[in-house]
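We begin with a single chain expressed as structure tokens, specifically the form predicted on its own.
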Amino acid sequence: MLEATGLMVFYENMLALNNVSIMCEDNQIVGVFGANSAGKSTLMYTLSGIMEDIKKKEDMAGGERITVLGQITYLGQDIMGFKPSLRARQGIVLCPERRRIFPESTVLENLRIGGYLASPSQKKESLEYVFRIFPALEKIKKRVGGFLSGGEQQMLAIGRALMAQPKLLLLDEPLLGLSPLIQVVLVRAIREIRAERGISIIVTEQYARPVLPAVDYAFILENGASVLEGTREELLNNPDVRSAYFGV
């Protein structure tokens, strides 16, 4: 489905991604694990195309010079130069770190905003599906987003991304700062989304243990470089990985 090869991102003289290659196959859940500043969000911005927008804004403002190199192939097509809006129309949808919902809009309004690419029938069906996997949202659908708990906001952020009809869903640290109970709910939802909707998922996290049951394959990033990759079982059997990323 998606294959990125030799991705390199420079912020002026700082190397944020160093020759990173990653692949996500059809109907697969791929994990990307690494400490803070390992390059996880930069990778997600690059895959989604948002890095292209950031680069243009910096160029126009005379700010930080950003250079992006490498190749991204999606459904057999080179999309490296595609705008994020075009990538979204083709099914690559990012649910960003720290949720970034519209705090002054209600839950329902946030979800409808997410469905701007969908047809009326798709919006209706997707909204029903979001409320089915996250029933807590339906009970608070008229509540303003800024008054939701962290867990509710994360459910809303994922729900809003689902409204955009993704084929490949990019989840950037969806468990960040949430309680273990909410983490279990979200990981269960991630597995259900893949199983029921056939959506491929790339999920980043600092600590791998909560999402380990859902991941088919994973990559470890350190200082912007991919240092290790393998199946869930292969990484869990590596003692160094177990200690650093799985907490066992």
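Note that residue numbering follows the sequence shown and begins at 1. Keep in mind that what you see is a predicted model, and the values were worked out from it rather than measured.
The form predicted in complex with ligand ATP exists for this protein as well; it is not shown, and the discussion that follows is about that form.
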query: Contact label in the predicted complex: E138 to ligand ATP, heavy atom within 4.5 Å; finding: no
query: Any non-hydrogen atom of G31 within 4.5 angstroms of ligand ATP in the predicted complex; finding: no
query: Heavy atom of E152 within 4.5 Å of ligand ATP in the predicted complex; finding: no
query: Contact label in the predicted complex: E97 to ligand ATP, heavy atom within 4.5 Å; finding: yes
query: Site test, Y11, N36 and E64 vs ligand ATP in the predicted complex, non-hydrogen atom cutoff 4.5 Å; finding: yes
query: Option from 22-30, 41-49, 188-196, 210-218 whose residues, in the predicted complex, bring a heavy atom within 4.5 Å of ligand ATP; finding: 41-49
query: Residues of 152-179 having any heavy atom within 4.5 Å of ligand ATP in the predicted complex, listed in sequence order; finding: E173
